[in-house]
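The chain that follows stands alone, in the form predicted on its own, written as structure tokens.
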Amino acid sequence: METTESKFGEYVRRIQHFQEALSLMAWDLRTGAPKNGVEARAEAIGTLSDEVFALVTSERMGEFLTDLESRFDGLDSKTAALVRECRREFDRYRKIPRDRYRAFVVLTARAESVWEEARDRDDFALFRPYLEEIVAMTREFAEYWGYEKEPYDALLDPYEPGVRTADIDPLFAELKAETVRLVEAIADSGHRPNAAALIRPVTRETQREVCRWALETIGYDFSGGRLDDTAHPFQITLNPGDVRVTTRYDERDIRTALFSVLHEGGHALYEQGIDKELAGTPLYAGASLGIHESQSRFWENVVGRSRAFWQRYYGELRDRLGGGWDDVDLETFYAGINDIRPSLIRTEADEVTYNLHIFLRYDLERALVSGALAVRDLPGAWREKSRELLGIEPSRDAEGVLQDVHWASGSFGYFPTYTLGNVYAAQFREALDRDLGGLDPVLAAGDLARVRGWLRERVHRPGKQLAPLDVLARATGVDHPAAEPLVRYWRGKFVPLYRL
């Protein structure tokens, strides 16, 4: 005789099967689906999303939750966590009219394709009407969900549960002040790396081979994944045995693809490291976007831009790049991948000025959601904020307001998780350094399995069974995001590099 728990599990797996189909459609849409098929694909995504909405918010789901919650204390830990997560989704989606949700999904599926064309054509006017509708619907949803102080708080919660603007504003203010001080000190130091030495042609085919090697080196399992091209790099999980990575290539600068793939590879290692017992449930996911971004930023920056890592692997990289790199020694390469200076493109920014890009977007999207900023004024506001925070401004919207896909996908509230990820990554780094008896010697020895093993047990395996701050506390002993470890990491790295 089937128990309520087993029936509930089957019901949840049905939802996850729909989600897998949607993920596959999203991957295809972003990796080269024909333009003429976008409209039909958007409608298909809308239909399947509507079915998921119906299942997540159904009376049947409500009955399951009521029954299981009535004897919550007797449930095993996995079922209890699953009930908590499904209740959270049930309550959140029930507040939105079903037809409005479907309309939003179809709109954003169309908007992503339009955004890509608008960016390629440097034509904000093409994308503007879509963004205006997305912002209007985002405000509408924030009102349905409710908030205590400002509507943006309702948008943060899906990405970083429990976090509010009041929580991150002081953290961001502290980081902004420290970032500006460090950037100014570096600019005044008179010591600049020869970054131009790394600007040299590398064919797309060679770069693709290098990116596969980089992913394999950090431990990405290609038997359960693949690498593809896209306009905006991303990682997507279809199921535990199909965790995909994408990147984009600049044939003049290997750093674009290499560090994008290390970033997305960090996300993928998280997904491949979650306990397989959670497969078929929404618990097979990161604890939060901030924790997820901590993994991408850790492998991209803490590992991928470290001297210790390249002491071990630079020879292999140079061999793969060919004889044209024989004149670039390790120190030139290390300095060149750590060139700290304001730049226009977020995904190509150095690890110090990167947060300034996030603060820019955070300020602008809060203003959009509150109604203080109109979409038509966004390009000008972007240029103004860029001057204020970075000291430079884009001459083209493709290098400014059109550079990110997030707003086209309706992901308002996502950007702050990148900075939270940088903060968490530095906290994990200090804990790793303590527990492994020094992180740099481990990296220099190429013993990345020890690093992965530590992260897998303390961060990856629980998936979404734990809240983000519980994951942080479990791994580090500290139960809140703190700026100091990130600032210490920067000082330890960049003071000697720039002779400050």
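Because the structure is a prediction, the values reported are computed rather than measured. Don't overthink the numbering: it's just position in the shown sequence, from 1.
Heads up, the form predicted together with a further copy of the same chain isn't pictured, but that's what we're talking about next.
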Although a further copy of the same chain is absent from this view, report whether S58 comes within 4.5 Å of it in the model of the complex, heavy atoms only. no
Partner contact for K35 in the model of the complex: a further copy of the same chain, 4.5 angstroms, heavy atom: yes
So, S409 and a further copy of the same chain: in the model of the complex, are they within 4.5 Å at any heavy atom pair? no
Heavy atom of E484 within 4.5 Å of a further copy of the same chain in the model of the complex: no
Among 318-326, 165-173, 242-250, 209-217, which stretch has residues with heavy atoms no more than 4.5 Å from a further copy of the same chain in the model of the complex? 242-250
Checked D470, D28, E69, E457 for heavy atoms within 4.5 Å of a further copy of the same chain in the model of the complex; positive is D28
As a check of understanding, the residue in E430, D221, E331, E85 with any heavy atom within 4.5 Å of a further copy of the same chain in the model of the complex should be identified as D221
Taking a further copy of the same chain as it sits in the model of the complex, which residues of 10-44 have a non-hydrogen atom within 4.5 Å of it? Please list them. R13, R14, H17, F18, E20, A21, L24, M25, W27, D28, T31, G32, A33, P34, K35, N36, G37, A40, R41, E43, A44
